[in-house]
Structure formats: C-alpha cells, structure tokens
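Form predicted alone, single chain, as structure tokens, below.
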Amino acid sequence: MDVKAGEKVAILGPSGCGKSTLLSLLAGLDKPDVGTVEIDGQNLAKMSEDERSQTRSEKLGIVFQQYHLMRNLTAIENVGLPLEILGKTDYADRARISLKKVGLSHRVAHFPSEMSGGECQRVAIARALVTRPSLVLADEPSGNLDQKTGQEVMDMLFSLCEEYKTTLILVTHNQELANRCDRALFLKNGALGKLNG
C-alpha cells in the first residue's frame, strides 16, 4: 500500500481481520515479521524502539476508539503531552490553541471523567494533531459515540486534516465515512485490496 501526502484512505474489513493490527504496524507499535513499513522514506522496522518512539512523536498522530486519555491529566495536559515529550517549552500554549480548534477552550482544566465521550474524543483529536504530524492514524474514532456526536467528531477530524494537509488513514466499519475518503481499501485474509476488486 502506498499513501500519498495529504491523501485520506479508509480501511474496511470484517471484525478480527487485522485492521487494528495494521494500524499498530503503521504506527511502529508492532514490528512486522516480514516486509517494511516506511514513513517519509524511513523504515520503521529497522529503527530502535527509541527511534520509533521519536518518529511517532514527530510524524504521527493516533486517534483511538477508546480515546486513551490519561485520566489523571486535564485536557490541556493530555493535549500538551506529545509536545512535552519532544521537549517543547511552549507546549501549554500550543495545546490551548489545539483545544480551541476542536471547540474546547472552556474545557482546558477538566479531567476526562468530567467530560462527555464526544468531548474526550475531541481532546484525543487535538492531541493527535498538536504536533502537526504528517500522518494521522484513526481506529474507529466515532465507534463509541452516538450518531450525531460521531458525525460532529468526524467532521472535525476531516476538516483539521484538510486544513493541515495531513495524511489520514482511517479504519472504519462505516461506509459513509469511507466514502468521504479519497479511496477505500478492504482488508481480508491478511491482504489489502480495492473495495470492489
């Protein structure tokens, strides 16, 4: 699979076919047994764990279905964390701007337990995009939300990826979301193919 800069690609497939595993490989969270995963010409499989972690911090944003926010951190602390890990001293200011982009300026000091599911997912999107990564990986980001909230969250994700010219790889069961992408691929028996091919 080749994905061009700024492209939005949906990956569909039956439950258990390996969509989340594929995203873990693309994120460098897992190492492939065979083959290569390259981001901006760099082979993740040949990197040390520290190098993969650095690449993730600089070039990748990840949005999970379950949000994966740190429960003991406020919204602004959650969003600023990737910048803090990169040693950026202006992380609070940049996190505040990122939260404003997702409409949560009024929630900067709130903990995840004090926010709705939709708000938590918007915090997760703000965190994924705060470093202005070249690639965002999204694993069923609206899967835990009601239809209206899910639509709002996805509108926000597509809009911000468009604004920042960020590449998006979206794992989804939702055909409507897949239709919003530039193309859709189907994962079956460990192989990716065109949706109708």
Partner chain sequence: MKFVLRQAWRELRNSRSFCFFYSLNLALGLIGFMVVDSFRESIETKVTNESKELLGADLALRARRNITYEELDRARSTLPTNVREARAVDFFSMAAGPTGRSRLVKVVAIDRGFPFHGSFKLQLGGERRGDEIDLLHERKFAWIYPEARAQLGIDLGEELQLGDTKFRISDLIKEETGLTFQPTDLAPKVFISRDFLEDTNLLGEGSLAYHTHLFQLPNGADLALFGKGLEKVIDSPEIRTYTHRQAGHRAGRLLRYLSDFLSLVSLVALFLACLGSGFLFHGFLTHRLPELATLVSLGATRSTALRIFVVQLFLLGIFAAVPATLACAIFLPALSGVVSDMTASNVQVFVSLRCLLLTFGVAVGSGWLLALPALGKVSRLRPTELFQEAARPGSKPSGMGLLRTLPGLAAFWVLCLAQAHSDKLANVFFGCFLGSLVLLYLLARFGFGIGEKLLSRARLSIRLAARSLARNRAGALTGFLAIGLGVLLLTLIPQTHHGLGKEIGLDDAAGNLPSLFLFDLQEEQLPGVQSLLQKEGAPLGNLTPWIRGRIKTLKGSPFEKSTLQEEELNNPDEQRRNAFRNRSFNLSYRQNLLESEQLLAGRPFSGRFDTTAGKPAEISVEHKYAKALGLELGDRMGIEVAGIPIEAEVVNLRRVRWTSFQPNFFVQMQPGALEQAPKTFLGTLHHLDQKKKQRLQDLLVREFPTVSILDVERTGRKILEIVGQMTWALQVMAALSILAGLVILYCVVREKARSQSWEMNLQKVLGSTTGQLRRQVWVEFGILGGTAASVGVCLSLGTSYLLSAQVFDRVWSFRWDLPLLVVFCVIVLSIITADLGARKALREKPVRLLQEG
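For clarity, every value in this text was computed on a predicted model and none was experimentally measured. Numbering follows the first chain given and starts at 1.
In what follows, reference is made to the form predicted in complex with the partner chain, a form of this protein that is not presented.
A.B. asks: I'd like to know whether residue 175 contacts the partner chain in the predicted complex, with contact meaning heavy atoms within 4.5 angstroms.
C.D. replies: No, residue 175 sits far enough from the partner chain in the predicted complex that none of its heavy atoms falls within 4.5 Å.
A.B. asks: Answer with yes or no whether residue 134 is in contact with the partner chain in the predicted complex, where contact means some heavy atom within 4.5 Å.
C.D. replies: So residue 134 does not count as contacting the partner chain.
A.B. asks: Given that the partner is absent here, does residue 119 sit within 4.5 Å of the partner chain in the predicted complex, heavy atoms only?
C.D. replies: Looking in the predicted complex, residue contacts with the partner chain do not include residue 119, since no heavy atom lies within 4.5 Å.
A.B. asks: Answer yes if any heavy atom of residue 157 is within 4.5 Å of a heavy atom of the partner chain in the predicted complex; otherwise answer no.
C.D. replies: Although the partner chain is absent here, residue 157 would stay clear of it in the predicted complex, with no heavy atoms inside 4.5 Å.
A.B. asks: Can you tell me which of 146-154, 34-42, 47-55, 161-169 lies within 4.5 Å of the partner chain in the predicted complex, counting heavy atoms only?
C.D. replies: That would be stretch 47-55.
A.B. asks: Where, within 81-117, is there a heavy atom within 4.5 Å of the partner chain in the predicted complex? Residue list please.
C.D. replies: 81, 82, 84, 85, 91, 111 sit within 4.5 Å of the partner.
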